[in-house]
Every structure is written in C-alpha cells, then in structure tokens.
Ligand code: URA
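Just one chain follows, in the form predicted on its own, and it is written as structure tokens.
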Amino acid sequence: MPIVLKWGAGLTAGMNALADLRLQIEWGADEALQEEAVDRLAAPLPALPPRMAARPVVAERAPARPVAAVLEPAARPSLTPAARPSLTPAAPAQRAHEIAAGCHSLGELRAALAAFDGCPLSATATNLVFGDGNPSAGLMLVGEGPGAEEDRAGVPFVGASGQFLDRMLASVGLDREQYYITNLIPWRPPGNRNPTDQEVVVCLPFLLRHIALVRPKILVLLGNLSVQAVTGSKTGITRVRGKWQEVTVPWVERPIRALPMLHPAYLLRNHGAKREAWADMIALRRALDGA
C-alpha cells in the first residue's frame, strides 16, 4: 500500500495525492520515518505538569579511619627501585647510543637502523630513509624527517620540498654528487606529524654517529628540529639561520662548522623568506670556495 505523506493544508490544497508524493520525492522526502504524518499546524499538546523536585540523597559518612589503619603494612606499596616503572626514554636512547657507537661504516649503521626496534616509527613507516648523495664530498645536509614521497622511495628529499632544495643548491653550482643528505628522523611519522621528544631522543644517537662517519667539513642544518637537536640550543630557526656555529659531535675530535638554514618546506609556504634563504646559499658557496 503506498504511503502518503500529509503536509499542511496550505501546501497540499489543490494537489492530488500522487502529485503531492512526487513533489516530496523531488525535494528529497523519499523515506517515511513514522507510520502517520505529523500535522505541523495542529494545536500544541498541553504542557505536562512540572515534576516535583527530587530530594537530594545524602549518603551517610563513614567514620574517619586513621591513615595507619588504611594502609596496613601488608598492603602498603613497595618503594624499592625495582618496583618503580621507568617514565623516561633513557633505556631505548642508551641502547641506541650503544648500537650506534658499535657501527664503523655507513653500511653497518644502515643495517643497525633497519634492525632497531626501539623507535615505534619503524613499525609504521614503509621504508627506512637513510641517506643519499656523496658521503666523501665534505658537505653534509641534515633535514628533519621524511615525508610521504621519501617514505615510498626510501630516499631523503625527493618530494616537493626536496626538489625545491635541489633547485636552490643547483643555483650555486651544487648537485647530489657534491654533497650528502640525510634526516634526523629516518622514518616517516604517521600523517607527517611532528616527531615526539622521545622519538627525537632515540633517533639522535644514530644521526650523530652518521655525522661522525661522514666527517663533513661543513654541516648544513635544515629546519628548527634538526638545529635544536644537533646544537642543543632552544633558539628558534628564524633567529639563528645564516649564523655559522661550531658543533661538537661525539666521536669527532674537532668541532664541525655548521650553518643553520630554513627548511625548504617552510620556504614553499612562506615565499617572503626566500630572500634570507638565498643569502644563506651565497654564504654556503663562499665557505665552500674558501672565501
């Protein structure tokens, strides 16, 4: 039996039931939600009488017990060091440091990272993003972390920001045969989110060992995260970019000259900052030329 949706008399006057139903279907009313139509023009139902306010229920308070009776000797928690849970990433970070220290080549370091299970990012990423370029060139660039394109390819800086960085470096005569590039975080965080402090602490020993094995003459730190992790400074990138620093790296006898620069992803979002980036590129070129 067909369902007829009844509207008010002002809308349905002069229409037959079939035309009324067709109009409602055209307007999107193609499903009946109740067995009978609601008459919107009918007089409202009388209001229900107000409910009596419920009396608050006051629970009887139990007599106070002394603290010593609440914590009986057998039920008191143990305060021995073995019973305290660890609340810091010191354990995985220490293990990362020990593993990194035992690597004596880039191949060993890459294999150690691939087998490392102390960082949860390794379980969610598609590929380990280790490094690319010429490790003997004397120039090393360190970014923050891989994005989606880098995660798929397993190569750092191949997405939009990486291609922009390639053009920037090419403008001063540099290609990937003349520098080596890697990231602080070797696995892509889910959804390109920022890495947590714990993830940075765990990944940092591998990066420092990476730098020590490459032993660059000049280190370029791209972005706020890599600058703060390597230098230990909390100053923002916009205040330190373009200012040469001496960076101390474990396993390296002498400090390394480091130049903080704006990350290319930041430059793609903030075109007005490209002037500062160009000035930094000129400073890098002069340093490479020994000027």
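Note that residue numbering follows the sequence shown and begins at 1. Remember, predicted model here, so these are calculated numbers, not experimental data.
Absent from the display: the form predicted together with the named molecule. The rest refers to it.
Looking at 98 to 106, 209 to 217, 145 to 153, 131 to 139, the stretch with residues near the named molecule in the predicted bound form, meaning non-hydrogen atoms within 4.5 angstroms, turns out to be 145 to 153. The named molecule is not drawn, but in the predicted bound form it has no heavy atom within 4.5 Å of R241. Residues are counted as partner-facing when one of their heavy atoms sits within 4.5 Å of the named molecule in the predicted bound form; in 154 to 187 these are P156, F157, S161, N183, in sequence order.
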